[in-house]
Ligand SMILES: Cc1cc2nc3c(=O)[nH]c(=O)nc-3n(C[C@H](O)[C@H](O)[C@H](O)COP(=O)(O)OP(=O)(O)OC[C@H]3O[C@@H](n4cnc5c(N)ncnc54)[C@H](O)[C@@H]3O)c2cc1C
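Shown below, as structure tokens, is a lone chain in the form predicted alone; questions about how it binds or moves come after it.
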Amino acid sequence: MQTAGLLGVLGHDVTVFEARDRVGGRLETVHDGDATYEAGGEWIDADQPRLHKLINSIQGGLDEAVREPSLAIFKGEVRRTDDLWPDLVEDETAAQLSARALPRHPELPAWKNRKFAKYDSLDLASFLKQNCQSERGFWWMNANLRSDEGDDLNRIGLLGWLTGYIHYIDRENLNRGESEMSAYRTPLGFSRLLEAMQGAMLGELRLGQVLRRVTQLAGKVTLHFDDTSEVFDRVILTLPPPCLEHIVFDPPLPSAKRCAIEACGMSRAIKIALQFKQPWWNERGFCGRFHCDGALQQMWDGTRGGAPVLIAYICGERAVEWTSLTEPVSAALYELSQYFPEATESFERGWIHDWVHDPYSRGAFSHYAPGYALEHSQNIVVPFDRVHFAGEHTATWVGFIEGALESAERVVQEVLHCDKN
């Protein structure tokens, strides 16, 4: 939507195709009865200028997140995050110092870091194991970074993570509630933001159009959908990599491009929303946010108006297992009640949002797998003749909404440059 808006302002005739019956893709604000919450992307970091500018221009400001007091729950013991176990704090500090020093000066984009090739084959889990001396410290760092990456850390490449770490290097604290991560949310929800962008767009939007084939011939690009075909001068594809794999390209994509798409990691994450009669967590003396070593992994207060809602955010292999449960919402409530028995009495209803098996995303957001930064990351960006590629998986802010906006700016300049030549 951002790409279309920028091109429309520059005088291009733009048509946007969306496979779903709504705008937003992996951003969706749910309004169900008296409950409102974000089913997809939700949080905005303090140092994401493109996203801040966009929301400020449309919705007039951002909502500051309530992140304290929050809890850490490990082996049944509950601690506030402002009073964590000493061994955990020591490991957290050691891991942060090591990350800041290793390597000292990575560059963006990721593929420029050939001199740090030895880190590309390693994974983030092994890095934490080397820098955490206690079981609690490893769990805490793993829990926080798994939440950021949306998957188990043995699937996250160390060099790819370190290049993304450049965005965080000046932050006060990378993992605690007082850090700059997850600092804000949209005041009116992401769906309304996208609807406003749609209304301002100088072009046409067509919903329910599932792309099947892309052909290029005689300086034109034809998009083939289930029931129709459309011809354009240039095409920008923002589909997530697993969905791009299912598109037939004629002529075929170059092998390096195809391999980059196939190798791009896609995070396995789900959300479970639980609606309650009252926000019982306030009576318990915390804001609703916690990390735990149990099945729920992480929860926060997802209320965006109306009834109180807690959001469980579950990632990695555990998320895949959860989607196979017959009653995943009931299972989430049971797990929550093991720590907070009052949750059962206050519970009203719940929902699961399975991004792992969503047919139009096939995952929550992208990440660099081990080996991806140097072997594939450059190839995911380059155009294929008159077909261009955008989306958070093509940005330096990989996996973030900020990255989607960053890629829009890049691809617009790419199109303008190609038109001049």
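Just so we're clear, the structure is a prediction, and the values are computed from it rather than from any experiment. Quick note: we count residues from 1 along the sequence shown, nothing fancier.
The same protein also exists as the form predicted in complex with the named molecule; that form is not shown, yet it is the one meant from here on.
A heavy atom within 4.5 Å of the named molecule in the predicted bound form is found for one listed residue only; from 210, 320, 202, 231, this is 210.
Here is the short version: of 116, 139, 313, 85, the single residue with a heavy atom within 4.5 Å of the named molecule in the predicted bound form is 313.
With the partner left out here, the named molecule still marks one of 251-259, 288-296, 232-240, 90-98 in the predicted bound form; by a 4.5 Å heavy atom cut-off that stretch is 232-240. In the predicted bound form, residue 373 stays away from the named molecule, with no heavy atom inside 4.5 Å.
Interface residue remark: residue 386 is not counted as part of the site for the named molecule in the predicted bound form, having no heavy atom within 4.5 Å. Interface residue remark: residue 412 is not counted as part of the site for the named molecule in the predicted bound form, having no heavy atom within 4.5 Å.
At a distance threshold of 4.5 angstroms between non-hydrogen atoms, residue 27 is in contact with the named molecule in the predicted bound form. Taken together, the three residues 52, 71 and 187 all stay farther than 4.5 Å from the named molecule in the predicted bound form, as judged by their closest heavy atom. Shown without its partner, the chain has 39, 40, 41, 42, 43 in segment 30-59 as residues with a non-hydrogen atom within 4.5 angstroms of the named molecule in the predicted bound form.
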